[in-house]
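Below, in structure tokens: the form predicted on its own, a single chain.
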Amino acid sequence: MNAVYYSGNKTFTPGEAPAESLQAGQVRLKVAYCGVCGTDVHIYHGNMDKRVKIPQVIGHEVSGEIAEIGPGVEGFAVGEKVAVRPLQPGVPVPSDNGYTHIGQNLKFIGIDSPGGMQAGWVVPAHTLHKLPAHVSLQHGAMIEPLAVACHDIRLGEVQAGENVVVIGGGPIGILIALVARHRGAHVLVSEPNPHRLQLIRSLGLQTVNPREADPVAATEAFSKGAMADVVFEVSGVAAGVQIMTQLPRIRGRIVMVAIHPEPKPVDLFRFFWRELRLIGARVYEPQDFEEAIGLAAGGKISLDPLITQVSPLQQVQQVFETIDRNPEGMKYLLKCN
């Protein structure tokens, strides 16, 4: 077995990945680790069966070493450690406005095409970012979610000295909080899970449990009455959408990070009354990956506390079942070689 396939109905099946010949511009990786993303969990629950070609290898938070280089690839060498930015831009259309990372015809590698839960993975060379020699491959598998946080902070225009509130203390929420703090912002995280709250506090971040205290009052106290300059909605639940408009100052910014597949009521009057801005933030761009690698390489962001469990690829079924039973868990990594 050198791959696992999502087979539908909350099931992964061990199998063999096909031996692909390298085409122009492609690289073969020896996959080291593949992180389990919230999107992978959505796939496991069957929520994306219309998009995933069952049976399919999934996974996109990947680190590895270059095993083979295809025709026309320059700037890489066999044995180099890399992280994968799993986006394949499609044919641009005028409405893309030049932003190919979220273009209409974008294909997300690991969802729309085979992913990294396999020992060897063929990817386009343009998706690769080199990792410094001293960055571990476990940390390399964390670069993709860290790049999400860097992108969100960049689009939110977070500045030193600003007050930031993060709604939702999962892996992405915590990474956003850590990157914001690194930028010099004052950060408050709203999270109801007591185990996650304990982890967040251990990282030196301020918290509020919305089941025990009013987030509006907590934000007012945290900011000495100024309220939040930037609010990040990362919870993905209706309560997060309801409270997000109550937390910003006048002309504050709200960054929508979470995926809300169904419409939810939004207090549009608050946008009018306080001249708020709503900013959507999706995936990342190359500079976000480079920033994430720099943060990891410099030890600026604590990644080890976010790694809940590392398991062999063969235990993928148990890992997803554990995630379902363990809502306080953070990042689960699969060791693929």
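Please read these numbers as outputs of a predicted model, since none were measured by experiment. Throughout, we count residues from 1 along the sequence that is shown.
There is another form of this protein, the form predicted together with a further copy of the same chain, and it is not shown here; the text below is about that form.
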The unique member of 107, 195, 251, 134 whose heavy atoms fall within 4.5 Å of a further copy of the same chain in the model of the complex: 251
Listed residue that, although a further copy of the same chain is not shown, lies within 4.5 Å of it in the model of the complex (heavy atoms), from 160, 217, 239, 226: 226
Three-residue site 57, 76 and 138 fully in contact with a further copy of the same chain in the model of the complex at 4.5 Å by heavy atom: no
Contact flag, residue 202 vs a further copy of the same chain in the model of the complex, heavy atom cut 4.5 Å: no
Residue 85: touches a further copy of the same chain in the model of the complex, heavy atom cutoff 4.5 angstroms: no
Contact label in the model of the complex: residue 300 to a further copy of the same chain, heavy atom within 4.5 Å: no
Residue 71 within 4.5 Å of a further copy of the same chain in the model of the complex, heavy atoms: no
a further copy of the same chain in the model of the complex: contacting segment from 300-308, 59-67, 22-30, 280-288, heavy atom within 4.5 Å: 280-288
Neighbours of a further copy of the same chain in the model of the complex among 263-277 [non-hydrogen atom within 4.5 angstroms]: 263, 264, 265, 266, 267, 268, 269, 271, 272, 273, 274, 275, 276, 277
